[in-house]
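Coming up is one lone chain in structure tokens, specifically the form predicted on its own.
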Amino acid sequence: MLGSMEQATATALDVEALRARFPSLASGIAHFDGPGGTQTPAEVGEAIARTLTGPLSNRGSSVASERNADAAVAAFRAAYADLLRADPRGIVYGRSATQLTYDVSRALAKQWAAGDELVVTQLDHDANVRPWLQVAERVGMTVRWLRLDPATGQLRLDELDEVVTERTRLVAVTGASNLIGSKPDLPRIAARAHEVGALVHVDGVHLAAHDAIDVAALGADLFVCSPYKFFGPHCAVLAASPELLESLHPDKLLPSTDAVPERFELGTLPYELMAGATAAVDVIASIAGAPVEDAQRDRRERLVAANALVEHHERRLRERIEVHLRALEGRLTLHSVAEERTSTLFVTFRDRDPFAVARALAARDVLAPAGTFYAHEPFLALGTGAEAGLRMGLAPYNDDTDVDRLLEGLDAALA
């Protein structure tokens, strides 16, 4: 969510009250699969149902059903402008971050030529690698890589000036690794890119669930995130300046509007999902203890305060798990070691199949999945020698009981 440790208040996160808002947690499952998508609070489901059952029509102003659709779109743009500290006129709805990245890459490619350069990294989810590699191949561009140092879990920024050159047109970089949690120094990367006139496209899907997002402060020209990673429905958001979006011309139907940001939103929008995504932002804002209707504190301020509580809570639970994992050194390797990282932990095992460990945990209703999680390049760069690993990701609704069950399950699986 949002904020920093410096903004944390003395009030602790009321985890029990938060958990009560998630009907699915009554299942008894201890969810450590947050990096793949969080559970959904009742308010989000209710917002989707309320909007979908209407009255609801295509957008307009003549009757209530049209006005409801128009209001859902406006509320969505306003909510994500607050969440990302962005301009609501530059908030684009998308089906997924992968879809949005492909769409933007194709639009940008119309402005590029053979001999231009793109920069991608070994820390990124494939959704922020493959679209750019495919564009580069079609246009005849050169691809340069920012390498991952497995020992530190961070990008080799000592190579930044060499990799980003006067021919670079765009740097595609993650805000935080969905595999090992590492958070690269985005302002430093962006400063170098902007120095040579290049754009910066940030995959913020994992970062937006755990950190303060201020698109301009990060140096991101284009920033994508996915509400289902932080309590919302399955959809995605692109934030950019309206001026940048005006300069891009995606393929679209002739009768459809050419206005920004609508020119990037193909077809009729899913107003109910937009309403659910808006409700997710309001749920986050309410974590700080102030009701959503508290006019004395604007939503952005409440979002920042909420994230400070969440960050402190997740860090404490993460440190509990890390202490236990270090005691198991020799049986497993912890790859989440960067100084700046989220509460996501990735391990490989010396003599255990990670999928077998995941199944043993699942038998105890502890969900910590095994795999490589579409993080193809970082997994290869880690050089583990394994085929996969186990990922344990914390979400705000995890509590100490969940952690107890995870650690007991790991001990049993490795015994």
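For every residue, the number given is its place in the sequence shown, counted from 1. Treat the numbers as computed from the prediction; the structure is a model and nothing was measured.
Below, we turn to the form predicted together with a small molecule, even though it does not appear here.
K.L.:
Val129 near the small molecule in the model of the complex, any heavy atom under 4.5 Å?
P.N.:
Result no; Val129 lies far from the small molecule in the model of the complex.
K.L.:
Within a 4.5 Å heavy atom cut-off, is Tyr93 in contact with the small molecule in the model of the complex?
P.N.:
It does not: once the small molecule is placed as it appears in the model of the complex, Tyr93 has no heavy atom within 4.5 Å of it.
K.L.:
Though only this chain appears here, would Ser226 touch the small molecule in the model of the complex if you measure heavy atom gaps against 4.5 Å?
P.N.:
Taking the distances in the model of the complex, the answer for Ser226 is yes, it comes within 4.5 Å of the small molecule.
K.L.:
Taking the small molecule as it sits in the model of the complex, is Arg85 in contact with it (heavy atom to heavy atom, 4.5 Å or less)?
P.N.:
Flag for Arg85 set to no.
K.L.:
Counting only non-hydrogen atoms, which stretch in 202-210, 106-114, 156-164, 262-270 is within 4.5 Å of the small molecule in the model of the complex?
P.N.:
This holds for exactly one stretch, 202-210.
K.L.:
Thinking of Thr98, His125 and Ala176 as the candidate spot, does the small molecule come within 4.5 Å of a heavy atom on all of them in the model of the complex?
P.N.:
All three within 4.5 Å in the model of the complex.
K.L.:
Looking at Pro35, Gly389, Pro41, Pro378 here, can you tell me which has any non-hydrogen atom within 4.5 angstroms of the small molecule in the model of the complex?
P.N.:
For this set of options, the contacting one is Pro35.
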